[in-house]
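In the block that follows, a single chain appears as C-alpha coordinates, in the form predicted alone.
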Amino acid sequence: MKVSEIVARCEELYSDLHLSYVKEWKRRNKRKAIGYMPIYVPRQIIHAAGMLPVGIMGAGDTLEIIRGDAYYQSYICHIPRSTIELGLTGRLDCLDGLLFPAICDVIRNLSGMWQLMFADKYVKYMDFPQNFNESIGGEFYARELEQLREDLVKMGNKPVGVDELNESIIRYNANAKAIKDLYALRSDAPHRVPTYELYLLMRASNILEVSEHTSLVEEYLSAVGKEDRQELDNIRVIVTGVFCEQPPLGLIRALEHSGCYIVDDDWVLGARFIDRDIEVGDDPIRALATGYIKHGVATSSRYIDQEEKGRHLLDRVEELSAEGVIFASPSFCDPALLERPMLQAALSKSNIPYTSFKFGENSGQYQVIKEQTGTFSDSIKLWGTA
(Lines give C-alpha, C1' and ligand atoms only; values in the text may rest on other atoms or scores of the structure.)
Protein backbone atom coordinates (compact mmCIF):
# COMPACT_ATOMS: atom_id res chain seq x y z
CA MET A 1 0.00 0.00 0.00
CA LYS A 2 0.95 3.63 -0.46
CA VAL A 3 1.47 5.87 2.56
CA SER A 4 -1.80 7.67 1.82
CA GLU A 5 -3.69 4.37 1.80
CA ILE A 6 -2.14 3.24 5.10
CA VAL A 7 -2.95 6.57 6.77
CA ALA A 8 -6.51 6.45 5.39
CA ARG A 9 -6.94 2.94 6.83
CA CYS A 10 -5.72 4.10 10.24
CA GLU A 11 -7.95 7.17 10.17
CA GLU A 12 -10.92 4.96 9.34
CA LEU A 13 -10.17 2.83 12.42
CA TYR A 14 -9.69 5.95 14.54
CA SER A 15 -13.04 7.43 13.49
CA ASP A 16 -15.08 4.22 13.81
CA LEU A 17 -16.59 4.55 17.29
CA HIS A 18 -18.80 1.51 16.54
CA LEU A 19 -15.70 -0.75 16.45
CA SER A 20 -16.60 -2.48 13.18
CA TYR A 21 -13.19 -4.16 13.02
CA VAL A 22 -13.72 -5.71 16.45
CA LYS A 23 -17.16 -7.03 15.48
CA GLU A 24 -15.82 -8.55 12.28
CA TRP A 25 -12.84 -10.10 14.13
CA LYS A 26 -15.18 -11.70 16.67
CA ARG A 27 -17.49 -13.01 13.95
CA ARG A 28 -14.58 -14.47 12.01
CA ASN A 29 -12.70 -16.00 14.95
CA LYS A 30 -15.61 -16.88 17.25
CA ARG A 31 -13.69 -15.43 20.19
CA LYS A 32 -14.17 -12.63 22.74
CA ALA A 33 -12.82 -9.08 22.89
CA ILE A 34 -11.59 -7.37 26.05
CA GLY A 35 -11.37 -3.59 26.22
CA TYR A 36 -8.88 -1.69 28.34
CA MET A 37 -8.56 1.91 29.42
CA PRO A 38 -5.29 3.88 29.10
CA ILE A 39 -2.45 3.74 29.63
CA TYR A 40 -1.13 0.20 30.09
CA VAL A 41 -2.44 -3.31 30.63
CA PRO A 42 -0.65 -6.64 29.93
CA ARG A 43 -2.20 -7.28 26.52
CA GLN A 44 -0.11 -10.44 26.11
CA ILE A 45 -2.35 -12.30 28.57
CA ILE A 46 -5.52 -11.26 26.73
CA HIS A 47 -3.99 -12.32 23.43
CA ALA A 48 -2.79 -15.64 24.86
CA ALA A 49 -6.37 -16.36 25.92
CA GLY A 50 -7.39 -16.13 22.27
CA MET A 51 -9.10 -12.79 22.79
CA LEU A 52 -8.66 -9.41 21.11
CA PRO A 53 -7.35 -6.57 23.32
CA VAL A 54 -9.11 -3.31 22.42
CA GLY A 55 -7.82 0.02 23.69
CA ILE A 56 -10.51 2.54 24.65
CA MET A 57 -9.40 6.17 24.74
CA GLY A 58 -12.69 8.03 24.86
CA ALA A 59 -14.42 9.53 21.84
CA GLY A 60 -12.23 12.51 21.07
CA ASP A 61 -14.11 15.40 19.52
CA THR A 62 -16.31 13.26 17.27
CA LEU A 63 -19.17 12.48 19.65
CA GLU A 64 -21.58 14.87 21.32
CA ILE A 65 -21.71 14.11 25.04
CA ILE A 66 -25.25 14.15 26.40
CA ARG A 67 -25.82 11.44 29.00
CA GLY A 68 -22.14 11.12 29.95
CA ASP A 69 -22.12 14.61 31.48
CA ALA A 70 -24.84 13.58 33.92
CA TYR A 71 -22.54 11.08 35.63
CA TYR A 72 -19.56 13.29 36.43
CA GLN A 73 -18.90 16.69 37.94
CA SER A 74 -17.43 19.45 35.78
CA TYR A 75 -14.04 19.64 37.50
CA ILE A 76 -12.57 16.33 36.32
CA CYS A 77 -11.10 15.31 32.97
CA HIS A 78 -13.31 14.60 29.98
CA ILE A 79 -12.43 10.98 29.12
CA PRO A 80 -14.85 9.27 31.59
CA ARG A 81 -17.79 11.25 30.18
CA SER A 82 -17.18 10.16 26.61
CA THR A 83 -16.48 6.58 27.70
CA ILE A 84 -19.82 6.48 29.52
CA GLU A 85 -21.46 7.97 26.42
CA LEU A 86 -19.91 5.26 24.25
CA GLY A 87 -21.22 2.60 26.64
CA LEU A 88 -24.74 3.98 27.01
CA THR A 89 -25.17 4.38 23.25
CA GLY A 90 -24.21 0.76 22.61
CA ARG A 91 -20.96 1.48 20.83
CA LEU A 92 -19.00 -0.76 23.21
CA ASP A 93 -21.48 -3.64 23.27
CA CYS A 94 -19.10 -5.83 21.28
CA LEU A 95 -16.67 -5.85 24.20
CA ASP A 96 -17.03 -8.80 26.58
CA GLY A 97 -15.14 -7.08 29.37
CA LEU A 98 -13.23 -3.95 30.27
CA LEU A 99 -10.03 -3.51 32.27
CA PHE A 100 -9.40 -0.34 34.26
CA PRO A 101 -5.73 0.22 35.18
CA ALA A 102 -4.96 1.92 38.49
CA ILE A 103 -3.82 5.26 37.14
CA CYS A 104 -5.97 7.80 38.98
CA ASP A 105 -9.07 8.25 41.13
CA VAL A 106 -11.23 9.06 38.10
CA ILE A 107 -10.52 5.73 36.40
CA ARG A 108 -11.06 3.95 39.73
CA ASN A 109 -14.47 5.62 39.99
CA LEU A 110 -15.26 4.78 36.36
CA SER A 111 -14.54 1.09 36.97
CA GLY A 112 -17.11 1.02 39.78
CA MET A 113 -19.60 2.90 37.64
CA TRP A 114 -19.09 0.42 34.83
CA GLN A 115 -19.74 -2.54 37.12
CA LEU A 116 -23.07 -1.04 38.14
CA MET A 117 -24.13 -0.05 34.64
CA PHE A 118 -23.02 -3.22 32.81
CA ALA A 119 -23.40 -5.96 35.40
CA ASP A 120 -23.36 -8.68 32.73
CA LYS A 121 -19.87 -7.74 31.55
CA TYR A 122 -16.49 -8.72 32.98
CA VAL A 123 -14.88 -5.76 34.77
CA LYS A 124 -11.51 -5.76 36.50
CA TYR A 125 -9.67 -2.91 38.20
CA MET A 126 -6.01 -3.62 37.48
CA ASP A 127 -3.96 -2.61 40.50
CA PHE A 128 -0.32 -1.77 39.81
CA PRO A 129 2.47 -1.69 42.38
CA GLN A 130 4.25 1.52 43.33
CA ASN A 131 6.93 -0.41 45.19
CA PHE A 132 9.48 -1.61 42.61
CA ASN A 133 11.28 -4.14 44.78
CA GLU A 134 10.80 -7.44 42.93
CA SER A 135 10.15 -9.37 46.15
CA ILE A 136 7.38 -6.93 47.15
CA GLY A 137 5.87 -5.05 44.21
CA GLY A 138 6.94 -7.73 41.77
CA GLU A 139 5.31 -10.47 43.83
CA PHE A 140 2.12 -8.45 44.19
CA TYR A 141 1.90 -7.73 40.47
CA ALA A 142 2.59 -11.34 39.50
CA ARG A 143 -0.43 -12.35 41.62
CA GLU A 144 -2.54 -9.71 39.86
CA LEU A 145 -1.50 -11.10 36.49
CA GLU A 146 -2.20 -14.65 37.58
CA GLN A 147 -5.70 -13.63 38.67
CA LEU A 148 -6.29 -12.01 35.29
CA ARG A 149 -5.09 -15.15 33.54
CA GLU A 150 -7.45 -17.32 35.60
CA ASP A 151 -10.39 -15.00 34.88
CA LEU A 152 -9.78 -15.07 31.14
CA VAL A 153 -9.38 -18.84 31.11
CA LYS A 154 -12.87 -19.12 32.64
CA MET A 155 -14.30 -16.62 30.18
CA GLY A 156 -12.70 -18.07 27.06
CA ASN A 157 -12.72 -21.74 27.96
CA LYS A 158 -9.21 -21.93 26.51
CA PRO A 159 -6.02 -22.94 28.32
CA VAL A 160 -3.46 -20.19 28.82
CA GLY A 161 -0.23 -21.98 29.61
CA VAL A 162 3.46 -21.27 29.18
CA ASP A 163 3.44 -21.92 25.42
CA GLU A 164 0.46 -19.66 24.75
CA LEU A 165 1.90 -16.84 26.84
CA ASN A 166 5.36 -17.11 25.28
CA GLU A 167 3.88 -17.03 21.79
CA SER A 168 1.98 -13.85 22.64
CA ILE A 169 5.06 -12.30 24.24
CA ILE A 170 7.03 -12.98 21.04
CA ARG A 171 4.35 -11.27 18.94
CA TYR A 172 4.20 -8.23 21.19
CA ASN A 173 7.99 -8.00 21.28
CA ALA A 174 7.93 -7.88 17.47
CA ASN A 175 5.29 -5.17 17.62
CA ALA A 176 7.35 -3.16 20.10
CA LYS A 177 10.36 -3.36 17.77
CA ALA A 178 8.34 -2.07 14.82
CA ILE A 179 7.06 0.82 16.95
CA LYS A 180 10.60 1.63 18.12
CA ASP A 181 11.71 1.70 14.50
CA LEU A 182 8.82 4.04 13.70
CA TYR A 183 9.73 6.43 16.52
CA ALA A 184 13.42 6.26 15.62
CA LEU A 185 12.70 7.25 12.02
CA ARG A 186 10.46 10.08 13.18
CA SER A 187 13.16 11.44 15.52
CA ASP A 188 15.92 11.06 12.90
CA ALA A 189 13.91 12.57 10.03
CA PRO A 190 10.71 14.16 11.36
CA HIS A 191 9.91 15.70 7.97
CA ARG A 192 9.53 12.15 6.60
CA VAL A 193 7.20 10.93 9.37
CA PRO A 194 4.62 13.58 10.27
CA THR A 195 3.41 13.07 13.82
CA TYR A 196 -0.17 13.17 12.55
CA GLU A 197 0.53 9.96 10.62
CA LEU A 198 2.54 8.36 13.44
CA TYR A 199 -0.28 9.07 15.89
CA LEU A 200 -2.88 7.42 13.67
CA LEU A 201 -0.63 4.37 13.33
CA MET A 202 -0.33 4.22 17.10
CA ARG A 203 -4.08 4.52 17.59
CA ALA A 204 -4.51 1.60 15.21
CA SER A 205 -2.54 -0.50 17.72
CA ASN A 206 -5.55 -0.18 20.04
CA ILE A 207 -7.80 -1.99 17.59
CA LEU A 208 -5.88 -4.27 15.25
CA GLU A 209 -4.71 -7.76 16.15
CA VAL A 210 -1.08 -7.35 17.15
CA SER A 211 0.57 -9.11 14.19
CA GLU A 212 -1.65 -7.24 11.76
CA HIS A 213 -0.60 -3.96 13.34
CA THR A 214 3.08 -4.95 13.20
CA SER A 215 2.75 -5.65 9.48
CA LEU A 216 1.01 -2.30 8.94
CA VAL A 217 3.78 -0.37 10.70
CA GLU A 218 6.47 -2.23 8.76
CA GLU A 219 4.61 -1.52 5.52
CA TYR A 220 4.42 2.16 6.41
CA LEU A 221 8.15 2.30 7.19
CA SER A 222 8.92 0.78 3.82
CA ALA A 223 6.52 3.05 1.93
CA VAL A 224 7.41 6.32 3.64
CA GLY A 225 11.08 5.87 2.73
CA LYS A 226 10.07 6.26 -0.92
CA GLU A 227 8.15 9.49 -0.32
CA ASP A 228 9.74 12.79 -1.33
CA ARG A 229 8.91 15.12 1.53
CA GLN A 230 10.34 18.59 1.99
CA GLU A 231 12.28 19.43 5.13
CA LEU A 232 11.16 22.62 6.88
CA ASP A 233 12.89 25.06 9.20
CA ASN A 234 11.16 23.74 12.30
CA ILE A 235 12.49 23.36 15.83
CA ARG A 236 12.75 19.92 17.43
CA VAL A 237 10.47 19.52 20.46
CA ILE A 238 9.34 16.84 22.88
CA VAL A 239 5.64 16.86 23.78
CA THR A 240 4.80 15.42 27.19
CA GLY A 241 2.09 15.43 29.84
CA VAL A 242 -0.60 13.48 28.03
CA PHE A 243 -1.46 11.09 30.81
CA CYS A 244 -4.31 9.12 29.22
CA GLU A 245 -6.86 11.48 27.63
CA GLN A 246 -5.63 11.98 24.08
CA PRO A 247 -5.34 15.19 22.05
CA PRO A 248 -7.71 15.67 19.11
CA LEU A 249 -6.20 15.17 15.67
CA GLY A 250 -6.71 18.85 14.91
CA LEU A 251 -4.54 19.79 17.86
CA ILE A 252 -1.70 17.54 16.69
CA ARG A 253 -1.85 19.13 13.25
CA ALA A 254 -1.88 22.60 14.79
CA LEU A 255 1.33 21.83 16.71
CA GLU A 256 3.04 20.58 13.57
CA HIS A 257 1.91 23.62 11.58
CA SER A 258 3.26 26.02 14.20
CA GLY A 259 6.91 25.44 13.33
CA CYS A 260 7.55 22.38 15.49
CA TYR A 261 8.88 18.96 14.62
CA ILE A 262 7.71 16.62 17.38
CA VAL A 263 10.56 14.16 17.97
CA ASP A 264 9.10 12.39 21.00
CA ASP A 265 5.74 12.18 22.78
CA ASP A 266 3.89 10.13 25.40
CA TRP A 267 0.69 9.51 23.42
CA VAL A 268 -0.81 5.99 23.24
CA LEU A 269 1.76 4.99 25.82
CA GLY A 270 0.32 1.54 26.49
CA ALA A 271 1.78 0.19 23.24
CA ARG A 272 5.32 1.09 24.35
CA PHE A 273 5.11 1.16 28.12
CA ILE A 274 7.83 -1.48 28.61
CA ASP A 275 11.01 -0.16 27.04
CA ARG A 276 12.62 -3.50 26.21
CA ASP A 277 11.64 -7.05 25.23
CA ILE A 278 9.79 -9.25 27.70
CA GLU A 279 11.81 -12.41 28.26
CA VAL A 280 10.57 -15.71 26.87
CA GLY A 281 11.02 -18.61 29.28
CA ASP A 282 9.54 -21.03 31.78
CA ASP A 283 7.65 -18.40 33.81
CA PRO A 284 6.10 -15.84 31.43
CA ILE A 285 3.85 -14.37 34.15
CA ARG A 286 6.92 -13.54 36.20
CA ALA A 287 8.62 -12.16 33.08
CA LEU A 288 5.68 -9.81 32.48
CA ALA A 289 5.77 -8.67 36.09
CA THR A 290 9.53 -8.08 35.93
CA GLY A 291 9.13 -6.10 32.72
CA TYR A 292 6.76 -3.71 34.44
CA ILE A 293 8.78 -3.46 37.64
CA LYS A 294 12.19 -2.95 36.03
CA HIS A 295 11.58 -1.49 32.59
CA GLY A 296 8.38 0.56 32.67
CA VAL A 297 8.73 4.04 31.20
CA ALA A 298 8.54 7.15 33.37
CA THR A 299 5.09 8.70 33.51
CA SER A 300 3.01 10.54 36.09
CA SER A 301 1.12 7.37 37.05
CA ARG A 302 4.35 5.66 38.07
CA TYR A 303 6.12 6.58 41.29
CA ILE A 304 9.57 8.11 40.92
CA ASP A 305 11.72 9.30 43.82
CA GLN A 306 11.69 13.07 44.23
CA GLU A 307 15.41 13.42 43.53
CA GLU A 308 15.04 11.54 40.23
CA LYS A 309 12.04 13.48 38.98
CA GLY A 310 12.68 14.89 35.54
CA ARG A 311 15.85 12.90 34.85
CA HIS A 312 14.15 10.82 32.14
CA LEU A 313 12.99 13.98 30.37
CA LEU A 314 16.44 15.57 30.48
CA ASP A 315 17.94 12.38 29.07
CA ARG A 316 15.43 12.34 26.20
CA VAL A 317 16.12 15.99 25.37
CA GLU A 318 19.83 15.24 25.11
CA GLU A 319 19.42 11.94 23.29
CA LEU A 320 17.09 13.37 20.63
CA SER A 321 18.78 16.79 20.31
CA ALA A 322 15.49 18.46 21.22
CA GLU A 323 15.52 22.25 21.39
CA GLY A 324 12.54 22.59 23.72
CA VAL A 325 9.69 20.84 25.53
CA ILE A 326 5.95 21.39 25.21
CA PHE A 327 3.82 20.36 28.18
CA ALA A 328 0.37 19.44 26.86
CA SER A 329 -1.91 17.98 29.53
CA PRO A 330 -5.65 17.37 29.70
CA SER A 331 -7.57 19.83 31.85
CA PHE A 332 -8.13 18.57 35.41
CA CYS A 333 -5.66 15.67 35.03
CA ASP A 334 -4.31 15.65 38.58
CA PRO A 335 -1.35 13.26 38.08
CA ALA A 336 0.00 15.08 35.02
CA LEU A 337 -0.60 18.60 36.33
CA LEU A 338 0.88 17.83 39.75
CA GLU A 339 4.00 16.42 38.13
CA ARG A 340 4.45 19.31 35.69
CA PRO A 341 6.07 21.85 38.09
CA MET A 342 8.71 19.31 39.11
CA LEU A 343 9.56 18.56 35.48
CA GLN A 344 9.63 22.25 34.63
CA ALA A 345 12.02 22.87 37.52
CA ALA A 346 14.38 20.21 36.14
CA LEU A 347 14.26 21.83 32.70
CA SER A 348 14.84 25.33 34.10
CA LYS A 349 17.87 24.10 36.03
CA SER A 350 19.34 22.81 32.78
CA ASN A 351 18.33 25.93 30.78
CA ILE A 352 16.02 23.98 28.47
CA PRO A 353 13.14 26.11 27.04
CA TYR A 354 9.56 24.95 27.58
CA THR A 355 5.98 26.11 27.23
CA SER A 356 2.72 24.59 28.45
CA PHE A 357 -1.01 24.46 27.81
CA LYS A 358 -4.06 22.37 28.71
CA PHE A 359 -6.64 20.81 26.42
CA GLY A 360 -9.75 18.64 26.41
CA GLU A 361 -10.38 15.66 24.13
CA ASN A 362 -13.36 17.58 22.74
CA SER A 363 -11.40 20.78 22.12
CA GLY A 364 -12.52 22.56 18.98
CA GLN A 365 -10.42 25.72 18.96
CA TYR A 366 -6.70 25.38 18.31
CA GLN A 367 -5.72 28.83 17.09
CA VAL A 368 -4.64 30.13 20.50
CA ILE A 369 -2.49 27.03 21.09
CA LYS A 370 -1.02 27.29 17.58
CA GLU A 371 -0.09 30.93 18.18
CA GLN A 372 1.48 30.07 21.55
CA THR A 373 3.61 27.22 20.19
CA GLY A 374 4.43 29.26 17.08
CA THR A 375 5.79 32.04 19.28
CA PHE A 376 7.73 29.42 21.25
CA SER A 377 9.23 28.10 18.02
CA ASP A 378 10.14 31.56 16.73
CA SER A 379 11.79 32.60 19.98
CA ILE A 380 14.04 29.53 19.95
CA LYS A 381 14.99 30.10 16.31
CA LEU A 382 15.83 33.76 17.02
CA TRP A 383 17.36 33.66 20.47
CA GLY A 384 17.72 30.03 21.46
CA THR A 385 15.33 30.44 24.39
CA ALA A 386 11.62 30.86 25.04
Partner chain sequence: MTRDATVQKEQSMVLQKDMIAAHFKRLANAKETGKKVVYTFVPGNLNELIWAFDMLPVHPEINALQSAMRKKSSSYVIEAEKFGHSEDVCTYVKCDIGMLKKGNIGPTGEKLPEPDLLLLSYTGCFTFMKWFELLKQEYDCPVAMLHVPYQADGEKTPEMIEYVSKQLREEVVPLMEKVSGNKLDKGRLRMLMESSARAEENLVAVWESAKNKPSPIDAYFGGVYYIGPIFSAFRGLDVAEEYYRTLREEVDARVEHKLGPITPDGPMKDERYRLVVEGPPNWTSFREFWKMFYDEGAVVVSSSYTKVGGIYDNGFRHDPDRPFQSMAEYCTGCYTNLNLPTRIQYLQQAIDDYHADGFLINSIKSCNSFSAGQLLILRELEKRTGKAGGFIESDLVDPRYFSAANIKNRLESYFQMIDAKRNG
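Residue numbers count along the first chain shown, from 1. None of the values given here were measured: they were computed from a predicted structure.
Although it is not shown, the form predicted in complex with its partner chain is what the next lines describe.
Taken together, the three residues 171, 223 and 357 all stay farther than 4.5 Å from its partner chain in the model of the complex, as judged by their closest heavy atom. Contact between residue 50 and its partner chain in the model of the complex is not found at the 4.5 Å heavy atom cutoff.
The closest heavy atom approach of residue 143 to its partner chain in the model of the complex falls within 4.5 Å. Taking non-hydrogen atoms only, residue 175 never approaches its partner chain to within 4.5 angstroms in the model of the complex.
Though the partner is left out of this view, residue 212 does not reach within 4.5 Å of its partner chain in the model of the complex, counting heavy atoms only.
Taking 249, 280, 269, 106 one by one, only a single residue has any non-hydrogen atom within 4.5 Å of its partner chain in the model of the complex, and it is 106. Distance criterion of 4.5 Å from any heavy atom to its partner chain in the model of the complex singles out 139 from the list 167, 218, 139, 256.
The stretch that touches its partner chain in the model of the complex, counting heavy atoms within 4.5 Å, is 131-139, out of 271-279, 155-163, 131-139, 195-203. Residues of 287-304 that come within 4.5 Å of its partner chain in the model of the complex, judged by any heavy atom, are 300, 301, 302, 303, 304 in sequence order.
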